[in-house]
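What follows is one chain in structure tokens, specifically the form predicted on its own.
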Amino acid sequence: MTRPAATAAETDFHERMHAAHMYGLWELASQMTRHPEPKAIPYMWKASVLDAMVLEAGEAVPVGEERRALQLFNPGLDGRWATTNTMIAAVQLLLPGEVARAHRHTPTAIRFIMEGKGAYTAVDGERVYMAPGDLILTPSWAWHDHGNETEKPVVWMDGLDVPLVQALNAMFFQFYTEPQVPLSKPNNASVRLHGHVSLTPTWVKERPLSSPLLLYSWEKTWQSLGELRDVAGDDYDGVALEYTHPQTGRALLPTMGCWVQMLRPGARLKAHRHTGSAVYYVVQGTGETIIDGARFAWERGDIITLPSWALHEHTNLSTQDAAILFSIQDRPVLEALGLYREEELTENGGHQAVTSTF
């Protein structure tokens, strides 16, 4: 039905109401959508483009006050500093001999090492050394710097909750007085203290919101995946493991969860959707992810963003080798607020019709 044209009295009332910085709920009803309608869009940054831009950045941009990190902006978010509505992903390069100056900030950060071995992140006076596939944490407001004492470049994916912190008006940032924070703990001290499977030291009474374990090594992650190679896993996520807080068993960070997923050779998973967004990094393998009918064909080194409530399904195109996906997700926030919801696709055997290709 078409609403009758506004009378002069109605028009006058609305103009005076708006001038007083008020709006009627009847004007805003269209924003109460039946399901999430995010502005962020599915997108993929190909490894070939990332590698070329990172290489060029090493020649064109020195490490100065800030990091040499290429921020991945979602094309649907109008130039916002955001890969999804709550998270930013980036690719950072540290050349031989470089040090990235110490600072701290309220956004929480993770580093997933893509290339290079032997560089370090120092967190509150503890050096955590890197190897490909390692996951390294930087909790909120922790002093941290990066250094590369090796002879080869080191590259990693950053993941931070910057858009969420900005939306909450809780952004704080501070440089340390010196380029690096003095070391006050043994190297990889958190691994020796907290890196024991299903065992936690009884004398440590503190229970920080972020995991006290700063390094989740690829060696242990790969071992865990291998031991589950013959387990059925999930119809929608495959053999998916969540990195967890060693003391609580919950998500390792209060605002971001980290997953690693193994897709068996030839696996074609079913489609589902959920509230909350994700960013995937392809650790190994070749495959495709269909997001709301769009096919994203991926290979090692690609990065893919998944908006909230988007239908998605993964396929491993290799019949010989497993594919591995690492992801950051904002699911802990949704769960803490009671807003997490999931829905499975039941039509067409749980698979989407492909309508376009990225």
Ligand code: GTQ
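Each residue number is its position in the shown sequence, starting from 1. Just so it is clear, the structure is predicted and the values come from calculations on it, not from any experiment.
The protein also exists as the form predicted in complex with the ligand; that form is not presented, and the subsequent description refers to it.
Trainee: Is every one of 262, 272 and 312 within 4.5 Å of the ligand in the predicted bound form, counting heavy atoms?
Mentor: Judged in the predicted bound form, none of 262, 272 and 312 sits within 4.5 Å of the ligand.
Trainee: Given that the partner is absent here, state which listed stretch (216 to 224, 237 to 245, 129 to 137, 87 to 95) has heavy atoms within 4.5 Å of the ligand in the predicted bound form.
Mentor: Of the options given, it is 87 to 95.
Trainee: Between the options 288, 158, 115, 124, which residue brings a heavy atom to within 4.5 Å of the ligand in the predicted bound form?
Mentor: Comparing distances to the ligand in the predicted bound form, the residue within 4.5 Å is 158.
Trainee: Only one of 322, 317, 63, 69 has a non-hydrogen atom within 4.5 angstroms of the ligand in the predicted bound form; which is it?
Mentor: Only one option qualifies, and that one is 69.
Trainee: Is residue 194 near the ligand? Define near as a heavy atom within 4.5 Å, in the predicted bound form.
Mentor: Although the ligand is absent here, residue 194 would stay clear of it in the predicted bound form, with no heavy atoms inside 4.5 Å.
Trainee: Mark residue 105 yes when one of its heavy atoms lies within 4.5 Å of a heavy atom of the ligand in the predicted bound form, and no otherwise.
Mentor: Yes, contact at 4.5 Å.
Trainee: Since the partner is left out here, which residues of 110 to 133 would have a heavy atom within 4.5 Å of the ligand in the predicted bound form?
Mentor: Going through 110 to 133 in order - heavy atoms within 4.5 Å of the ligand in the predicted bound form - there is one hit, 111.
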